[in-house]
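The chain below stands alone, shown as structure tokens; this is the form predicted on its own.
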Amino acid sequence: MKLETLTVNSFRNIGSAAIVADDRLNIFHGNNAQGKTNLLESIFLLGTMKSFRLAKNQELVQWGAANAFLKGIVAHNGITQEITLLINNEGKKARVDQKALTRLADFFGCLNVVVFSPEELQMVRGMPESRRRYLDRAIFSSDISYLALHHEYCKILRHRNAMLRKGERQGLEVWSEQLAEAGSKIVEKRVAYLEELGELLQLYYRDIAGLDEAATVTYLPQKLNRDSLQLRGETRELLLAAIQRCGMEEERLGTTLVGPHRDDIEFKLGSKALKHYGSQGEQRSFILALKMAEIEYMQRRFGHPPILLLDDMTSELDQGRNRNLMEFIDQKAMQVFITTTHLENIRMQGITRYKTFLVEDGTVIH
């Protein structure tokens, strides 16, 4: 799968840009705040219809414009497809080969992407929300049904929280049951994904760090015993029981205290929690290995590697980790889009095919 061309109009600070991409390595370079990350974001949107920067639709449209428009020509197995996305305050409208889509499933899989940004290096020590956001995005990239589940859960959660804030008890039990039903499906998908990722994570951490220390990622449910999640099929009952136990506290605080919106992920090396005891080098090796595992998982899932978006990561990684990353990219024969402030930050490690694009004030200069 390769992105052959990218067209961007009225997207953030980019008025108009047309890019013919190399099928291996593409480098967007220039000073900070010129629009390099915006180009990566546009590719991610064409693949997922979501931003990796938590942006609202109106924030994606250039000031003074009515709409933002994105178009990509994607080649896969000798077939090309045109993907377009129109964005405005009312939402996003996608087309594939100029046909309007009635189901998100028809859009999913046309352009598979994985993003690796500096923010993800910070999630080890960050708040649980950042780790949940990473996990949800990773699962959605390989399982389209997960997005609908997540939307349904958030809808139920908003309604239940509104009732708690108003002190309404009549009908609350029904919403609690719906929350446990939807929440259990999300939790089970999260746990299953992390279990499949575990073996790959260990393999890549060993390659990057040169150590046999066990690298693990574990799901931490709020107010539930993590061991109980091994009892598949009983998650709904466990969640509902936990919700009922917290009933008085929830009514006092006016918010839902149990469910996947409160859960966390624990990264560990051996027996030590990476968040509290891992060095900066160990944390970076761990997250790099995690992204490599995610890429390998998607390749096994779809039969080809995704397109990799690297937002200024080469300046965040030392020489050894840069070399490991470039060797991994070369071995996978992946298409990659990288942003950097200085071209000398990119150490090719044997990669000879690449294109560079200078980005200045929202303009792409070939």
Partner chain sequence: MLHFAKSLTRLLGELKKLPGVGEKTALRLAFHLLKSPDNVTALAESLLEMKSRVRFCSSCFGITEEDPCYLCSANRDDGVICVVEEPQDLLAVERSQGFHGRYHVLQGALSPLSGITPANLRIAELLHRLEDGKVREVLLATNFTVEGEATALYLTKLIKPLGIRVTRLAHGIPTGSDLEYVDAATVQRALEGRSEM
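Just so you know, these numbers come straight off a predicted model, no measurement behind them. Numbering follows the first chain given and starts at 1.
The following text describes the form predicted in complex with its partner chain, which does not appear among the structures shown.
Chemist: Among 109-117, 199-207, 145-153, 263-271, which stretch has residues with heavy atoms no more than 4.5 Å from its partner chain in the predicted complex?
Modeler: Only one stretch qualifies here: 145-153.
Chemist: Do all of 171, 174 and 185 end up near its partner chain in the predicted complex, with near meaning a heavy atom within 4.5 Å?
Modeler: Checked in the predicted complex: all three residues contact its partner chain.
Chemist: Contact with its partner chain in the predicted complex for residue 94, defined as at least one heavy atom pair within 4.5 Å: yes or no?
Modeler: Heavy-atom contact with its partner chain at 4.5 Å: absent for residue 94.
Chemist: Using heavy atoms and a 4.5 Å limit, would one call residue 159 a contact residue for its partner chain in the predicted complex?
Modeler: Taking the distances in the predicted complex, the answer for residue 159 is yes, it comes within 4.5 Å of its partner chain.
Chemist: Could you confirm whether residue 189 comes within 4.5 Å of its partner chain in the predicted complex, counting heavy atoms only?
Modeler: Result yes; residue 189 sits at the interface with its partner chain in the predicted complex.
Chemist: Indicate whether its partner chain has at least one heavy atom within 4.5 Å of a heavy atom of residue 80 in the predicted complex.
Modeler: Contact with its partner chain, no.
Chemist: Which residue among 252, 99, 166, 276 has a heavy atom within 4.5 angstroms of its partner chain in the predicted complex?
Modeler: Result of the distance check: 166.
Chemist: Looking at 244, 178, 122, 222 here, can you tell me which has any non-hydrogen atom within 4.5 angstroms of its partner chain in the predicted complex?
Modeler: When its partner chain is considered in the predicted complex, the option within 4.5 Å is 178.
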